[in-house]
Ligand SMILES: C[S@@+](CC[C@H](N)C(=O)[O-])C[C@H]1O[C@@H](n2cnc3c(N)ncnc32)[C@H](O)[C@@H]1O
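Just the one chain here, laid out as structure tokens, in the form predicted on its own.
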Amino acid sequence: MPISNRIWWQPRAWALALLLLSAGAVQAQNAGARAACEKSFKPSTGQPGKDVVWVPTNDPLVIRMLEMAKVGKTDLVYDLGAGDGKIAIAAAKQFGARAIGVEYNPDMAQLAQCLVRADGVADKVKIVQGDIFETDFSSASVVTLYLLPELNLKLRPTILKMKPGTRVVSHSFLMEEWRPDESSVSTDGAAYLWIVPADAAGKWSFKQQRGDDSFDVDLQQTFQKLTGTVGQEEITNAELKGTHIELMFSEGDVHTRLKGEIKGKQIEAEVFRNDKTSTYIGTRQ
């Protein structure tokens, strides 16, 4: 190797070595801080809680849950039954989100608060000691759960009143007839995702923005599932994810495909109809 290249590479090698040493030192420091947190209280798998026993969620499943919910920097994640704060910490540390964990056990909540500081995410994560059924988490854009089915079901009415588009992801347990929008099952465990649906039920009158075409749609809704009619014709392939709606129907030889967004009492939609795509506005009657 020429001398000039050797001289150029040596500083880079030293810089890389220093970077690795620094990263190792930080990891060791964090590990030491976490160990110090557990000196006053160290939880054990299966210990009893208010409504459930504590079982930690494994790290790969935590990441998969947050990925399913598409957590990002603009999100506020509420972890209900936060335990040692693992999910809330991961939401901040790996995904850049803000997070609030709600934990009933005072010792566990105090441990989680200590671990938040140890992991250096106190500016993004808050752990509160409290009852999840008495907590206002309506500001959340993402809710994470690892509760029993009956507790999920008890929370369901509150969740369904949240802002349409809110993502809810649960470790292991479902919500009875409200089927998940997405399921992910592996050797790490099962995770289920729901997207809080908008209110789409009712009669809608759609009018073409630049034209004279119009049609009326009568929709029935069960959670995110839609059925309905246009005149005497049944709607097919109807889908609702949060505020986003898609449906298809035919009137004689006219085939219609609608894709739009529900905004209160209106639906702004792109409609493929009569071999062309146009903007339509649907108004709830």
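The numbering used is simple: start at 1 and walk along the sequence shown. Since we're looking at a predicted model, the values are computed, not measured.
The same protein also has a form predicted in complex with this ligand, omitted here; what follows describes it.
Shown without its partner, this chain lists Ala92, Val169, Val102, Val196 as candidates; in the predicted bound form, only Val102 has a non-hydrogen atom within 4.5 angstroms of this ligand. Per the 4.5 Å heavy atom criterion, this ligand in the predicted bound form is contacted by stretch 51-59, the sole one of 51-59, 34-42, 225-233, 249-257.
Taking the partner from the other structure, this ligand in the predicted bound form has a heavy atom within 4.5 Å of a heavy atom of Lys86. Contact between Ala191 and this ligand in the predicted bound form is not found at the 4.5 Å heavy atom cutoff. Residue contact check for Val116: none of its heavy atoms lie within 4.5 Å of this ligand in the predicted bound form. This ligand is not drawn, but in the predicted bound form it has a heavy atom within 4.5 Å of Ala82. Heavy atoms closer than or equal to 4.5 Å to this ligand in the predicted bound form belong, across 120-134, to the residues Gly130, Asp131, Ile132, Phe133, ordered by sequence position.
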